[in-house]
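Take a look at the structure tokens below, where one protein chain is shown in two forms, each on its own, as structure 1 and structure 2.
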Structure 1
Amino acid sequence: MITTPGMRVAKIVAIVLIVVWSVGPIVLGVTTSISTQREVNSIPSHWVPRNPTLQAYRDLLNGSTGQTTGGTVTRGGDFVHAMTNSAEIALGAAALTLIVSTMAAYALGRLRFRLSGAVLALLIGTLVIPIFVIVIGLFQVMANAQLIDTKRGLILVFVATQSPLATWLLYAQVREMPHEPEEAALIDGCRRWQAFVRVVVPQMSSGIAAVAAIIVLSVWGEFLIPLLLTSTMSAKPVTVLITEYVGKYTTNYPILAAAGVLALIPPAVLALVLNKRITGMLAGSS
């Protein structure tokens, strides 16, 4: 590869641009969240606050009447409640999806049973169904089962939407894994299910961790489905609550930004910690 000084400079500029593009909006969110509405509204707007304050976070977490915050009304406790809802839904859905999908991936990859080809085709086939065509029918199914506005209901829905992809990724892993450890366990007198629990699942652990991270990230970011299936704080996730802070005429940017910053911390941390696993899985799966 020939490299000229000009190309090296171009490359450095490109790298800086990539970092600024990726982090810039997040940094802007943080600086906005520690500003006052007055500084945001001043002309020209202060992009870096002269008097940083945590008032927006206090208004968000403890509640505000809207008189001091330019129309944005927040109720104390709601935001934390929505964050815990999001966490419960994401973790619950991830745990259940992994159980369901690991079992299915093992059965489809290793056990020869009748119609296994048809079951695999059915599960993979659902991957091509866009979620939006099922939401209307789903709304009625959930209403009939009295699962509207419950965390249980949302978890079940996300298990259904996430399982096909999770099963496919884990199935690919099962097919690539060496058979010998399981065979040795079977020869030692293990039953099939014992071999699965004691030998195969530990063998799959790295794939399971990556899939878990992908499910948590994607469920944490879900918006359309919870927008339709929740109505009160008893199940509302943080993505839905945030959109309610967007004012119709004026928006209190510091409060909105504070909510955005707090809601992005869990997925950002997860993505940074597991980034090698996630990038590997994403690049490999597509």
Structure 2
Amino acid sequence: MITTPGMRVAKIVAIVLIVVWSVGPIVLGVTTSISTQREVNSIPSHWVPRNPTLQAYRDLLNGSTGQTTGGTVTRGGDFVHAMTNSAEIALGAAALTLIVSTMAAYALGRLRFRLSGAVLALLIGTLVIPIFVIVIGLFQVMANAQLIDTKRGLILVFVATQSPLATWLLYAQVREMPHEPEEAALIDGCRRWQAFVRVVVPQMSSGIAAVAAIIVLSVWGEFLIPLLLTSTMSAKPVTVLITEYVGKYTTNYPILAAAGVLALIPPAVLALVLNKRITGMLAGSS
């Protein structure tokens, strides 16, 4: 294919626009978090703070009052508690989802049973159902089970919502794996579940790591389900807590931006570390 100068210029412009579109909000959030409320509200706006300060981070982590932060009240320890809740929920949901989805993917990809294709099609079909369609029924079920405002309740909901996607991704990997190592283990006397644990699971290790990262990232950024099912700090994740920093009449934007920056760090690090595995898994499932 012949590349003309105009095509090269268009490609460079497209790349620059994508980078600005992706990185711009992060840069704006960081600069806002180290600004003062007066600088943020000044006209014309200051894109670069004249006197950078970490006061917003100190107020966020140590607690503040509405008088000192322009109406935004934070309690010391709440943000850290919410971050801990998010980590526990995301990791717990990922662990349980992987256990369920790995076994389901193996059964659908290796074992022969009636209606296996229908089961797989039903799982994939659930991916197109928006969550807001079932929120009323979901709330009723969780209330009857006394799982409202509990981390275990959120984990169970996320296992149910994330398992179809995880099963589909792992199913694609199971279908591509060679049969010979597993058959050799069965010939040597291993039972089916032993061959699965000792042979199949190690072969799926890279795919399992990628799916685990996808689940953690998805659960960490979820907002609607935690908003519906939590009301106190016992289970409230950081995505819901951040919205409470928006005041009714005024908002301290440095504190709001600082919360967003800190909440972004764990998923960003995870995505960077496992970027190749995630992209490889998604490419292999297409």
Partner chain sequence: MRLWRQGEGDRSAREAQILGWLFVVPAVAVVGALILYPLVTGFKQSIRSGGFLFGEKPGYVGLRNYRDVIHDPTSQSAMRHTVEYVLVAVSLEILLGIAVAVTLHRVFRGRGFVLAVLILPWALPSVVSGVLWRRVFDPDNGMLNSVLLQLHVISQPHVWLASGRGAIIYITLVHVWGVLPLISLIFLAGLQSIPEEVYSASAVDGAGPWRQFRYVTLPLLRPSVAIALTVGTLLAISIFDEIYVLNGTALNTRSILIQVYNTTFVTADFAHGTALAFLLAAVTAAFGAIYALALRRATV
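Predicted model, so just to flag it, every value in this text is computed and none were measured. For numbering, take structure 1's sequence and count from 1. Here, rigid core means the biggest group of C-alpha atoms that superpose within 1.5 Å across both forms.
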Checklist entry - If only one of the two is the form predicted in complex with the partner chain, which is it? => result 1
Checklist entry - Rigid core fitted, is the C-alpha displacement of residue 12 between structures 1 and 2 2 Å or more? => result yes
